[in-house]
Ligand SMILES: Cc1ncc(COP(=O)(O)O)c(C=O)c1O
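The chain below stands alone, shown as structure tokens; this is the form predicted on its own.
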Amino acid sequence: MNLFESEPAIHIREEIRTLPAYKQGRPAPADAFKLSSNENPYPTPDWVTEAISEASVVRYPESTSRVVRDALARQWGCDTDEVIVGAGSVSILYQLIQATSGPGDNVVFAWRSFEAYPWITTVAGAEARRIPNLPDHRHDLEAMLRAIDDRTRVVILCTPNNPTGAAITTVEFESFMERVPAGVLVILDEAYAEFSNDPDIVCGKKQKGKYPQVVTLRTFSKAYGLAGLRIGYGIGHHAIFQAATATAIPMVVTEQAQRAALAVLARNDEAMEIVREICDRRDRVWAALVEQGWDVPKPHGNFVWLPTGDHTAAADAILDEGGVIARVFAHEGIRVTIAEEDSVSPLLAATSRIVAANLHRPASDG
């Protein structure tokens, strides 16, 4: 029953009124594989469950996640004040944009990239400058540099890029940083960094301390399998994080999340064994797709990108019929998470049918 007879006459910013909300990956029925949200497919380890069970639910969590920050500082070789923890790395991204950007400012990022970038920028009142990816699905760093002006406050580099899987090399990143203005915050969004095993790909940990304007974001959601607890972190200059902390909603990182993060950090080697299994599976899927005839970018995350263009809806229908629920980007492509081993055969069977129907490339390619 609708309790209200009319819409309230309150002012809502027009850009917010028309802003589409972030959409999760589709849920999957019981007889299908959910490959739409880049989640870790393995069961939660007993030692994570035990750590969560020890958390209090009647007390507020420690608001700065100090113990987690101490542990991360030791891992990264930096001061605790150079670490920030939030409810997923996206919440820290939100804080950074709020702290730096407002009406009249702009934020530059590649597109297609992480869907949260445009709406986080718009909520801050700034202009979202989407720079199209190169034909090989990588960031067009030269075009991004040209898009920077005196009102650019932030540039976001997503590497490995979600959803295309392409990544930025160290050489490309350092060349970019030589030319980006010193007053522009550069966010290196490395939510999938643990899945990148290419030594040529830029690594925020190796770049640490070189550029005071760079913040590296990481998450416990993907490689560490804590997506349901929402915890991520950033590494950067303490002055930037002082400003970002001022924009945060207090105490959003639960004690359960903090304890789970400490547990996986303490058993990092076991977590990385799972990551290696996923990477091996990803590489097998990618090789099989190439053999089928797909022009698929080499993936560096825990997913593959199917560039189906205007055939996307038809290709997704074939995946759906084959019991594979993937993440669809209308008229662009489909992102498919690398999940349990049992999902590989249904996935490759469906992609083979897509190729047979000649739906495996943008319509303009024939």
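Counting begins at 1, following the sequence as shown. Every value quoted in this text rests on a predicted model; they were computed, and no experiment measured them.
The form predicted in complex with the named molecule is left out here; the points below concern that form.
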Heavy atom distance at most 4.5 Å to the named molecule in the predicted bound form, all of Leu96, Thr152 and Leu185: no
Partner-facing stretch of 278-286, 214-222, 122-130, 258-266, counted where any non-hydrogen atom is within 4.5 angstroms of the named molecule in the predicted bound form: 214-222
4.5 angstroms heavy atom contact with the named molecule in the predicted bound form for Phe176: no
4.5 Å heavy atom contact, Val90 and the named molecule in the predicted bound form: yes
Phe241: touches the named molecule in the predicted bound form, heavy atom cutoff 4.5 angstroms: no
Asn162 within 4.5 Å of the named molecule in the predicted bound form, heavy atoms: yes
Listed residue (Arg230, Arg112, Lys208, His237) with a non-hydrogen atom within 4.5 angstroms of the named molecule in the predicted bound form: Arg230
Proximity to the named molecule in the predicted bound form, single hit among Ala271, Cys158, Val85, Ala166 (heavy atom within 4.5 Å): Cys158
Contact set, 174-195 vs the named molecule in the predicted bound form - heavy atom within 4.5 angstroms: Asp189, Ala191, Tyr192
